[in-house]
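In the block that follows, a single chain appears as C-alpha cells, in the form predicted on its own.
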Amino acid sequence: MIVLYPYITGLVAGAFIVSSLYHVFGREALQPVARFSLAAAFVFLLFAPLPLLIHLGRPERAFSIMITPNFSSAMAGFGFIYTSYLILVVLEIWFVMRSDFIQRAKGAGLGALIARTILLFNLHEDDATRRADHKIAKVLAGIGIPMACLLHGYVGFLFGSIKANPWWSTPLMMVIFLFSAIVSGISVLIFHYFVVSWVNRWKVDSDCVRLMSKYLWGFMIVAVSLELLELMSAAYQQTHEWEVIHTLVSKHLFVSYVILQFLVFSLIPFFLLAFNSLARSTDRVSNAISWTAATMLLCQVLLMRWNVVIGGQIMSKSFRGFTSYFPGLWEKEGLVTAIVVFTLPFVLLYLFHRLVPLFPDAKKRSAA
C-alpha cells in the first residue's frame, strides 16, 4: 500500500500539469486530453490517501490532522497541502465544465439531478458568465501548478527527511519524486487516451500524442538522470553507509532496480521516444511507439516507487543485515487489494465521463 501511495499521488501531479499546459500556457495541441487530464487529476487525488488509510488500519484517525492540527508534523503538512489542492482542483473543474454540467442538468434522471446539485441549482449562463468562468479557471490552473509540484515534492520530502535511513535520506529525493510524478502522469494520460479511443473506435489525435511524447521524453531524461546521479553521488562519497547501499543494490534489488528499472524500463522507452521525437514516421508508427513507451514508463515509475519504499524497509536499522518481502495475494495489503485500489480511479473516471463528456470532440472526429 505504501508503494501505491506515492505512485497514485504522482499521477495527480503529472495529469494536472498537462491540463495546465493547455489552460494556462495555451498549448492548443493538448486540447483533446485537456478535460480528461483535469478530471484524471481530480479522481486520482481522491484516491491518493486511500492506500495510507488501509495501511494504518484506523482511517478515522486521519481526521485528527484537521481537528487537532500539529504544524510540526510532516504527515500533518501533507494533510494540509492535500486538502488545499483538492479544493482548488474541485473549483477548477467546476468552472471549466460548468457549461457541460448545465447542459446535463437540463435533462432528466439521476445524472441531471447530480449535475443540478453540483451547480447548486443555478443553471443561469450567458456570455458574461462564460468569460468569467474561463478567466477564473485560468487563474486557478496557474495557482495549481506550484501546488501540484508542492504536493508531490512533499511526498519525496517525507522519505528524504528520514535521516536514519541512508537509502531514503537524500536532498534529491523530493526532486526525483516530482519529475518521476510528471513522467507517470503524462504516461497514464497517453495510455488511457489510446485505450479509450480504441474501445470507442475514436480517431486518435496524433499531433496531441506527439507533443505529449516529446514532453514525456524530456521529463523522463531529467527523472532518470537524477536517479542515476543520486546513486553515483553515494558511490563516489564512499561513506560507511555506501557499503550497505551497495549490498542492497547489487544483491537484494539487483533485478528490480538495475535490470528492470534502468536497463529495461528506462533505456528502451528513452530510445523509443528519442526516435519518435527526432525521426519522421507515420502516425500509426508514432502512436504505437508512444503507447509502448508510455506503458513501459508507467512500469518504470512503479518499480522506482517499489525500490525506494521496499528497499528502505528491508534494510536493518543497525545496517547488520537484510530481510525480504513480497506481498501475498489475498492479504490486507496484498496484490488483489492493490489492484482493486488502483482500478477504482478508472471506474470513477468512467462514471465522470458518463456525467459530462471528457472527450467532447471525439465523436466528431470519429464521424469525419
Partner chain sequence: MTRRRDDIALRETEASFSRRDLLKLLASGSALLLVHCGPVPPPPGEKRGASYDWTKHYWVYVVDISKCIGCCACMRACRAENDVPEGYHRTWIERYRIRKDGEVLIDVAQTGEHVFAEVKDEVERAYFVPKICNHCTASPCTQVCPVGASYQTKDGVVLVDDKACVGCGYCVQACPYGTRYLHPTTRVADKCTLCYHRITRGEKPACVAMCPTGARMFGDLKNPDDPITRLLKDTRTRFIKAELGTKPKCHYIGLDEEVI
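Computed from a predicted structure; not experimentally measured. Residue numbers count along the first chain shown, from 1.
One more form of this protein should be noted, the form predicted in complex with the partner chain, which is absent from this view; the next part is about it.
In the predicted complex, residue 225 stays away from the partner chain, with no heavy atom inside 4.5 Å. Mapping the unseen interface onto this chain, residue 322 falls outside it, with no heavy atom inside 4.5 Å of the partner chain in the predicted complex.
In the predicted complex, at least one heavy atom of residue 64 sits within 4.5 Å of the partner chain.
Under a 4.5 angstroms non-hydrogen atom cutoff, the partner chain in the predicted complex has residue 56 among its neighbouring residues.
Interface residue among 162, 91, 139, 285, judged by heavy atoms within 4.5 Å of the partner chain in the predicted complex: 162. Residue-level contacts in the predicted complex: of 73, 103, 247, 281, one residue has a heavy atom within 4.5 Å of the partner chain, and it is 73.
Using a 4.5 Å cut-off to the partner chain in the predicted complex, each of 69, 168 and 317 places a heavy atom inside that distance.
Only one segment in the set 56-64, 28-36, 297-305, 334-342 has residues whose heavy atoms sit within 4.5 Å of the partner chain in the predicted complex; it is 56-64.
Taking the partner chain as positioned in the predicted complex, none of the residues of 275-304 brings a heavy atom within 4.5 Å of it.
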